[in-house]
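What follows is one chain in structure tokens, specifically the form predicted on its own.
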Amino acid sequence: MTTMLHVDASVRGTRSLSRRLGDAFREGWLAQVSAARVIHRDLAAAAPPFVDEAWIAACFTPADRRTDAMREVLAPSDELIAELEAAEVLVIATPMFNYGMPARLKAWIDQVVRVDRTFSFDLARGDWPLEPLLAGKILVLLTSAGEFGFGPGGVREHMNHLDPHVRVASGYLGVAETFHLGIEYQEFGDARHERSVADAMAGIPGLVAQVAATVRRGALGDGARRSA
């Protein structure tokens, strides 16, 4: 059985384009992949708590020395990490907010990128002390943006702090291969936007097939990353 963790970050409901992409991918996945299991984490319905001093103190206290209060503080993190650990495929559907990620998605990342759970820290490694503890996962990043030209070579590539941030953080979530599909021009609402939506939706079946083929190959141990 292949498990997919589908994370929705948009606070919009039916108007959300990133949710539309995520829903289409999930439906295509269930249609193509036999015995598929989907865990859906809607960050708008239940926002992860922000990291605070109590969380940090609990996180950096050895597990066998934590108080009941510390364990309670880390309970949301434990739940989110368990969902991530169970999944071979991670789908993040998110809009771009102010050229970066929504606060709820950042809070989710901060809860799941956790020392001694998803990464280890050892100064014996020199200037690169962090090392992922998870491996072999596929990330499918589905995005929507109000403007355009955020991709490689685009006029706003230097303003894109969403895709690069997610990709860097995903390295500590065990992601070995990344696929990306996005919609642009939302604020313009013109023919370019309509074409961007149509192209993205038309690309979903092929993206599902690519990810399914990658899962079947099981060839994710080399740490390679790809954008599609």
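What you see is a predicted model; the values in this text were computed from it and never measured. From 1 onward, residues are counted along the sequence shown.
Another form exists, predicted together with a small molecule; not displayed. Remarks below refer to it.
**Student:** Tell me the stretch among 105-113, 71-79, 145-153, 118-126 that has any heavy atom within 4.5 angstroms of the small molecule in the predicted complex.
**Tutor:** Single hit among the candidates: 145-153.
**Student:** Please run the contact check for L17 against the small molecule in the predicted complex: heavy atoms, 4.5 angstroms, yes or no?
**Tutor:** Yes, L17 lies within 4.5 Å of the small molecule in the predicted complex.
**Student:** Using a 4.5 angstroms cut-off on non-hydrogen atoms, would S10 count as touching the small molecule in the predicted complex?
**Tutor:** Yes, S10 lies within 4.5 Å of the small molecule in the predicted complex.
**Student:** I'd like to know if Q186 sits close to the small molecule in the predicted complex, meaning any non-hydrogen atom pair within 4.5 angstroms.
**Tutor:** Within the cut-off, so yes.
**Student:** Taking the small molecule as it sits in the predicted complex, is M96 in contact with it (heavy atom to heavy atom, 4.5 Å or less)?
**Tutor:** Residue-level check for M96: yes, a contact with the small molecule.
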